[in-house]
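Okay, here we've got a single chain as structure tokens, the form predicted on its own, with questions on binding and movement later.
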């Protein structure tokens, strides 16, 4: 490799920074440049919906790495700048300041952008999305003096914000178009548990209810009109209805996508369909061996971005690396730590450990052969740690032992797995 050969990473995100660092650690001897649109040094994103708002943290308090890290790894950060065009045949990228960067390998860690709520009044002042540090700073300012907050969407972001803002003394009403909270990732049992916890803290939750319009005065939002005909008072509206992968540069490079809005297709080495182009993190779509189908999916989590980024960096450096990490997620809401391992199979059955009104509490999901495919835990770190090993090994569990909360989950492995069923 020429010493002036460049690994160009688009996106100063978890995936982007870990891609750059892993490439250097695995032997990339050329230049490494990470281009990020935001003016801030790379930062931790989970605190944005929690402690950054609740405790008034400063941007430097949530920095992902210090300056010494980037110097030691020889990573050049170009911030407050966006790559607008890629000519992959010529291996040249153009930035929005008019400059160009030649590269040998292109790494895409462009993430996603919040899905917009396209309703009348959706562009009024006081309507917020939360994806970036600037979003969080703007939201923090908007909450000063606000009393009534409407949150559209009861996913991870929506419920974490509901918990944070309730703790700050705001009146919170959550609208969810689906029939239950966090319906994309939780089974009905745990959805009901979380909804009950939020309601016990004073949060009003309306499921099966969407937003049809924002009402306002003087250019600022004052209310939210719902699909049920109700108008809710709102000083601030927060929208959290998912994200759309950013694939513009992948399209320009000629990389295959997983259908409209489906992300950049990658294999287990994080290679795209185009030689010399890698992708990782929220923008990447892949086939997971832990999913019930072979349909490419995107996993929007810190751990996925970190693991994929490191595999992509190793691949860039020519090292042997395969991505097959067990998917896991977490969410802090009030005094609850929700930890999820694996991907639910609709055909699996649910075994409860403990009771929802007690702690700790876990739901173990078993397939027809009693292999553990997923575990959802509430304030049960021991179950979570065991679950990551059990799901990775696709262990067979004894259901009677698995449902006994007094028996460590790791001790519930069946001594005689059932014969395979045709």
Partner chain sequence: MVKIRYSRSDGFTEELDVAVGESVRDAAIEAGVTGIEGECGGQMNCATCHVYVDRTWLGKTPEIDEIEDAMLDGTACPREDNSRLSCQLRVQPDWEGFTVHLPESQY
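Numbering follows the first chain given and starts at 1. Small disclaimer: the values here were computed from a predicted structure and weren't measured.
The protein also exists as the form predicted in complex with the partner chain; that form is not presented, and the subsequent description refers to it.
> Is residue 187 near the partner chain? Define near as a heavy atom within 4.5 Å, in the model of the complex.
Taking the distances in the model of the complex, the answer for residue 187 is no, it never comes within 4.5 Å of the partner chain.
> Would residue 295 sit within 4.5 Å of the partner chain in the model of the complex, counting heavy atoms only?
No, residue 295 stays farther than 4.5 Å from the partner chain in the model of the complex.
> Counting only non-hydrogen atoms and a 4.5 angstroms cut-off, does residue 307 reach the partner chain in the model of the complex?
Within the cut-off, so yes.
> Any of the heavy atoms of residue 68 lying within 4.5 Å of the partner chain in the model of the complex?
Yes, residue 68 lies within 4.5 Å of the partner chain in the model of the complex.
> Here the chain is shown alone; which of 302, 119, 137, 168 has a heavy atom within 4.5 Å of the partner chain in the model of the complex?
Selected residue: 302.
> By the heavy atom within 4.5 Å rule, which residue out of 105, 191, 339, 206 makes contact with the partner chain in the model of the complex?
Contact check passes for 339.
> Based on heavy atom distances of 4.5 Å or less, which listed stretch (70-78, 230-238, 279-287, 157-165) is in contact with the partner chain in the model of the complex?
That would be 70-78.
> For a quick check, can you give me the residues of 328-348 that have a heavy atom within 4.5 Å of the partner chain in the model of the complex?
Residues within 4.5 Å: 328, 330, 332, 337, 339.
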